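Only one chain is included here, represented as structure tokens and corresponding to the form predicted on its own.
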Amino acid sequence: MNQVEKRNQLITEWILEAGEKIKDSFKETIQVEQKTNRNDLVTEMDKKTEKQLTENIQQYFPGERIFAEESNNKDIQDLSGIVWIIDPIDGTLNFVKQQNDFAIMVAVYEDGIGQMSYIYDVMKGELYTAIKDKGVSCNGQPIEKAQDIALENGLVAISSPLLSGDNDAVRKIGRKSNGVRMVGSAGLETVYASTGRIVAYIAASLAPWDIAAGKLIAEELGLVYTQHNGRKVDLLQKNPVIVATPTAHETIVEMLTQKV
């Protein structure tokens, strides 16, 4: 077993273990706090899951840096070397309100390039794994690259801040597509785009831990992952994001930048 395989085996075990603890937490009253507003929540399970993953990384890979949602991250000024990017529960509002449609997300980057990534749909028991240049699997079964479907021939996912705002271009994109869907988890919506269930996911503002795992999965499956203007995302700050098939991506960028 080589180093990548060993690392993959460990990460998989950690994520599955964390998922079981999250499901067990539904038997008890979950402590919830607001962060920036009533829609931006953090629970004790976010913190416990991040702590568990962080301690495992520090034990097995000392010296590698960790960039995680619930940490202060003051020492992360660049992505040189190996950096772990973690969202312990992506879709916390769904976790609290629905007990469904949320994910654990872990990514390993080296010098700013994604090497390994994981998105675990906890309630469905689906673990999506990407290893750079080796494709993507779900629970160990390889996933074929997504078909290059045009915007008008598929569904799109659009984040609620965009849909509830006054961006006419976003509404035009929705009307041009076959229909609009919303899940409320950046990781799961990226997975749905990557596996052909939708042709695009468009978000107003995603943090690095919302992006990192999904970006590698999407790109390994042939999708394009950029900012709204078509430029590369910056994994040190928040970004307005499009992840889409190449054809749909081109159309969406044109519409968002008002070229059509």
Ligand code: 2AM
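Not measured: the values here are computed from a predicted model. A residue's number is simply how far along the shown sequence it sits, counting from 1.
The same protein has a further form, the form predicted together with the named molecule, not shown here; the description that follows concerns it.
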Fill in: Contact segment among 23-31, 202-210, 223-231, 57-65, judged by heavy atoms lying within 4.5 Å of the named molecule in the model of the complex
202-210
Practice prompt. Classify residue 185 as contacting or not contacting the named molecule in the model of the complex by the rule of any non-hydrogen atom within 4.5 angstroms, answering yes or no.
Written response: yes
Worksheet item: Could you tell me if residue 89 has a non-hydrogen atom within 4.5 Å of the named molecule in the model of the complex?
Response: yes
Practice prompt. Examine residue 219 and determine whether its closest non-hydrogen atom to the named molecule in the model of the complex is within 4.5 angstroms.
Written response: no
Discussion item. Since only the chain is shown here, I'm wondering whether residue 69 would be in contact with the named molecule in the model of the complex (any heavy atom pair within 4.5 Å).
Written reply: yes
